[in-house]
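Quick heads-up: it's one chain on its own, the form predicted alone, in structure tokens.
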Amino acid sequence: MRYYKEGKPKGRFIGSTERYDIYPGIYRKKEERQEPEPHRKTEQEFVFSYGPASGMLESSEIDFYTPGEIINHVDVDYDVRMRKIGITGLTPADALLRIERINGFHAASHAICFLSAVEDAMGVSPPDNVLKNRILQIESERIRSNLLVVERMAQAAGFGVPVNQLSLLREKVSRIIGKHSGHRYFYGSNSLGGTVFEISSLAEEIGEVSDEFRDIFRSLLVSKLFINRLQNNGINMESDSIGPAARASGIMHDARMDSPDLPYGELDFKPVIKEESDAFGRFMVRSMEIGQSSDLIKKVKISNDELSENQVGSVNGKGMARIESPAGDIFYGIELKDGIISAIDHIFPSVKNLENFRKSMRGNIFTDFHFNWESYGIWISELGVVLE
């Protein structure tokens, strides 16, 4: 394991990472894992159930505990999406087919993090052009994901015109990805030490999307109706926040800045930071990251060297990797025995984002719900997954 190790962390952890020391020394604050206490319904409260569909992108049931208007507590039931996915006993190549389908919308992020962990277990480092190619994939995926979040927030306001404009832009990004990788969701685009993502004209095409989004973004900013629904909605001050939710609260947590798995340091990367701590702040971070990701794609310079590919063979070892997906930290821990996966551990960003969303809904009203929910970019498909 080149970068991370097992054992009690010296500083910050998220999810179940208290079993791994995977954060650098800049996170020195000691944290104790505290499971949230179950909410006990009071005599003044009734439960308002919403779902399992009702305008949600994915099926789930959400229970609101309220005495009439103010939300005191929120439960999210995603049992309908529970999936046990068999990974152990497979070769990394066979497992990858399942890993990249855990959340198809973030397939590149999952695949690249998983492959990085396997490569760590093998003790091999992909060539520089492969690592930079992976950055291009993740940043293209980030643009599409952030477009979806902004689109869903505009949809909550009933803004038909920007919703359709954003949907069209998102489709353009999917077609760009499909053109350069062979699949709209990067399926089959990555392998151990290799990739098939062709990059000629990518920067120009993504740049056009970013320019078009800028005009839509400005139109949303001047809408008082829209902005008023976001400001002071879903205030999140949790120090263990991740992804856009953290950066919207002034917390500089970003694996692109502090994880050595991908060479973002060569691109002079600095995260977008806001101080609003609410749905508006998360909207601003995601919107600004679309332009930032486009600029990063332009900065990446890749040689014409042939992209290589590694074979596993009869390898024994443990490996870990952590990357910044569009929603925050993804972590995979892998153990190989004779080239076969014997153990796997994972942390998906939607778990932490859901926890912080539930806290941020306290004191809000139901009509604030959709704006707040969409601002976190939570994927039910990531919540209901057990890898075994």
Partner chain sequence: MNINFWFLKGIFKGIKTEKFPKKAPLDIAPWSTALVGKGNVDCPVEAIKDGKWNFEKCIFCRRCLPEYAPNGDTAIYKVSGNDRTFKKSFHLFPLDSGACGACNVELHNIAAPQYDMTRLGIFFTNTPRHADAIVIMGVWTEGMGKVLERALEAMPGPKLVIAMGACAISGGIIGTGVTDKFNADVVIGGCPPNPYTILSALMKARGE
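All values reported here derive from a predicted model rather than from experimental measurement. Numbering follows the first chain given and starts at 1.
In what follows, reference is made to the form predicted together with the partner chain, a form of this protein that is not presented.
Asker: Find the only residue in 272, 196, 227, 199 having a heavy atom within 4.5 Å of the partner chain in the predicted bound form.
Answerer: Spelling it out, the residue with a heavy atom inside the cut-off is 196.
Asker: Check each of 170, 132, 256, 73 and return the one that places a heavy atom within 4.5 angstroms of the partner chain in the predicted bound form.
Answerer: Partner contact (heavy atom, 4.5 Å) among the options: 170.
Asker: If we take heavy atoms and a 4.5 Å cut-off, which stretch out of 290-298, 256-264, 153-161, 230-238 is in contact with the partner chain in the predicted bound form?
Answerer: Partner-contacting stretch among the options: 153-161.
Asker: Can you check whether residue 251 is within 4.5 Å of the partner chain in the predicted bound form, heavy atom basis?
Answerer: It does not: once the partner chain is placed as it appears in the predicted bound form, residue 251 has no heavy atom within 4.5 Å of it.
Asker: If you check in the predicted bound form, is residue 215 within 4.5 Å of the partner chain, heavy atoms only?
Answerer: Although the partner chain is absent here, residue 215 would touch it in the predicted bound form, with heavy atoms inside 4.5 Å.
Asker: Residue 189: heavy atom within 4.5 Å of the partner chain in the predicted bound form?
Answerer: Within the cut-off, so yes.
Asker: With the cut-off set at 4.5 Å between non-hydrogen atoms, does residue 373 touch the partner chain in the predicted bound form?
Answerer: Result no; residue 373 lies far from the partner chain in the predicted bound form.
Asker: Quick one: name the residues from 113-137 with any non-hydrogen atom within 4.5 angstroms of the partner chain in the predicted bound form.
Answerer: Result: empty, none.
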